[in-house]
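We begin with a single chain expressed as structure tokens, specifically the form predicted alone.
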Amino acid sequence: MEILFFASIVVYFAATMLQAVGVALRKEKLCRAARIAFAVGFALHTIFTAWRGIAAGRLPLANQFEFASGFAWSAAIMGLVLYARLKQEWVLTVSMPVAFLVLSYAAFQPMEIKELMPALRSTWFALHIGSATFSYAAFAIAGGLGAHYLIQLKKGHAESEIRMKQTDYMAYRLICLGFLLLTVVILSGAIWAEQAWSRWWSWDPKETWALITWILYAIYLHQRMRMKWQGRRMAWFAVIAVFCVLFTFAGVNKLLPGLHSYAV
């Protein structure tokens, strides 16, 4: 099982490097090789995830290692699906490093399989935590697209204006998806908390930072839809907001222990 996990990291890294060089040199053969490597890495990652789930006898999302692995897997499948629909290299240029970096972070977490705590044995487990992995992946890729937009803008519109608008709009759509899923995370978490701890909300650090993240992206959507903000300002917003997501994902567990400390 560990061989599959580390092989996934290596193949994701190879795909990321091939894609970076292929895009920089405009070599379609390298980009094609990167896509194949990324698909192979995703297949290995999927087999690892399924194997771990079977070994644990549950959905493998119960601790920080498993959640990070799920986060990376979600980013990989999002990247592959978006590329299949859009056929745009910039989608994979962003999603590949997200999958690689998050899975690399997982490698530094304790990997042993543990029994679920009583509070986690709930029908809300899959919905709450599964939604969180895809929400974070959507926000991370949107942030990467924001960075890509700013880099291209810095180069003086190295890409066509239509392509820039596509990048901007795709980041917006991903943030809409991430915001919807984060709303599901917060609502399902409140119901689950009431069942497990007899209170809907406890201002636990993880809950608080999830709410802060939700408010931050609500501001993004308000500015986008009501104030008609687009382009550079929204790209910067998407990039900066990712740091809040990453702190909610990893920083809270390390620096602000609370009821969710079991996720470390």
Partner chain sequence: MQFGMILLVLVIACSAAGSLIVQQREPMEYVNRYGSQTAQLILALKLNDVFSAPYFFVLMAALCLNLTLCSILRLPRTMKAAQQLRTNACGVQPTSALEQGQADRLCGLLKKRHFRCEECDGRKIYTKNLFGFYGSFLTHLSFLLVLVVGAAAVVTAQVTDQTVMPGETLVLDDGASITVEAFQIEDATGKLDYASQLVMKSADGKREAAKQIRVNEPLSFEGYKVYQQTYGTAGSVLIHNNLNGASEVMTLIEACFLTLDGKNGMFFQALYPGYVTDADGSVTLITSTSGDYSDPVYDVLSVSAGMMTPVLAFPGETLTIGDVSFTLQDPVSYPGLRIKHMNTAILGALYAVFLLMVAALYLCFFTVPVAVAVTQDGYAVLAPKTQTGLLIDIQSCLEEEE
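Since the structure is predicted, the reported quantities are computational estimates derived from the model, not experimental observations. Positions refer to the first chain, counted from 1.
Just so it is clear, the following notes concern the form predicted in complex with the partner chain, a form of the same protein that is not shown.
Partner contacts here mean any heavy atom within 4.5 Å of the partner chain in the predicted bound form, and among 65 to 73, 200 to 208, 41 to 49, 25 to 33 they occur only in 200 to 208. In the predicted bound form, residue 179 approaches the partner chain with a heavy atom inside 4.5 Å. When contacts are judged by a 4.5 Å heavy atom cut-off, residue 187 counts as touching the partner chain in the predicted bound form. Mapping the unseen interface onto this chain, residue 162 counts among the residues with a heavy atom inside 4.5 Å of the partner chain in the predicted bound form. Contact check for residue 192: a non-hydrogen atom falls within 4.5 Å of the partner chain in the predicted bound form. Comment: the partner chain is not present in this chain, but in the predicted bound form one of 106, 120, 129, 80 has a heavy atom within 4.5 Å of it, namely 120. Contact with the partner chain in the predicted bound form, judged by any heavy atom within 4.5 Å, is made by just one of 240, 256, 10, 20: 256. In the predicted bound form, the residues of 216 to 234 lying within 4.5 Å of the partner chain by at least one heavy atom are, in order, 216, 219, 221, 222, 223, 224, 225, 226, 227, 228, 230.
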